[in-house]
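This document opens with one chain alone, in structure tokens, the form predicted alone.
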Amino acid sequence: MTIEEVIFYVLATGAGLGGVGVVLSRNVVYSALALILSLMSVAGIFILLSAEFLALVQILVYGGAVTIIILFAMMLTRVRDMPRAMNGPQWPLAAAVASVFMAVSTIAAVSSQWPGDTENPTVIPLRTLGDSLFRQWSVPFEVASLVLVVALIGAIVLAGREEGE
């Protein structure tokens, strides 16, 4: 087993544990911290794949901006004051379905032949990447940022109404 494989398994474990922490944590702040752990682990996997740009975007956009907006929205909407339904009657079925999905995914990942030429990775010219980002994908990025800003403004308006009542 090479050092790259060891690092991958550590990062994959961190991403998996972070995802489980997001789902199982009863505290919103702890869920956000688990989300950061998961997203940073994915950024580490991108670095192992020699995709440094994607790792940087993962850290800046998802690990930073999205998580901060989620925390602001949760703080401003006073989630603690709302009634919580933590365990519904459907949780055994959900746990069984999730376990079956995890088992099938693990079996598929272990039994697959993974082609890969890590010695000669394909290098995409920076100009091609820039053209794709700023011509083809600029509108979806702007729409996503607009949706996040509108959600944050809505949380602020809701929090302001509760204080004035």
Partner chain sequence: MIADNPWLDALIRLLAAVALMTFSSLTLIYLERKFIGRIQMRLGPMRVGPYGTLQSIADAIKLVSKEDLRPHTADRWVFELAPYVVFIPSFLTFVSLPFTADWFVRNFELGLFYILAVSGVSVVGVVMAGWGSDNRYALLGGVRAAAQLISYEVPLILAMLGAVMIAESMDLIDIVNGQGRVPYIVWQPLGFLIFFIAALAELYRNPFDIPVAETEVVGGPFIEYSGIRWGMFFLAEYTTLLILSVLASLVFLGGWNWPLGNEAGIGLQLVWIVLKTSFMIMLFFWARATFPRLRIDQLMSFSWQVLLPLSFLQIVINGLVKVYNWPDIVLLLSSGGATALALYFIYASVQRMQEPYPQRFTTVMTRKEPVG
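Positions refer to the first chain, counted from 1. Worth saying up front: this structure is predicted, and the values here are computed from it rather than measured. Superpose the two forms; the largest set of C-alphas matching within 1.5 Å is the rigid core.
Below: the form predicted together with the partner chain, not depicted.
In a rigid-core overlay of the protein, Val100 has its C-alpha displaced by under 2 Å between this form and the one not shown. Annotation: Cα of Leu129 displaced by at least 2 Å between this form and the one not shown, core superposition. Superposed on the core, the two forms barely differ at Val22: its CA moves less than 2 Å between this form and the one not shown. CA of Phe141 to CA of Tyr30: farther apart by 3 Å or more in the predicted complex than in the shown form. Three angstroms is the minimum change: in the predicted complex, the CA atoms of Phe141 and Gln58 sit farther apart than in this structure, by 3 Å or more.
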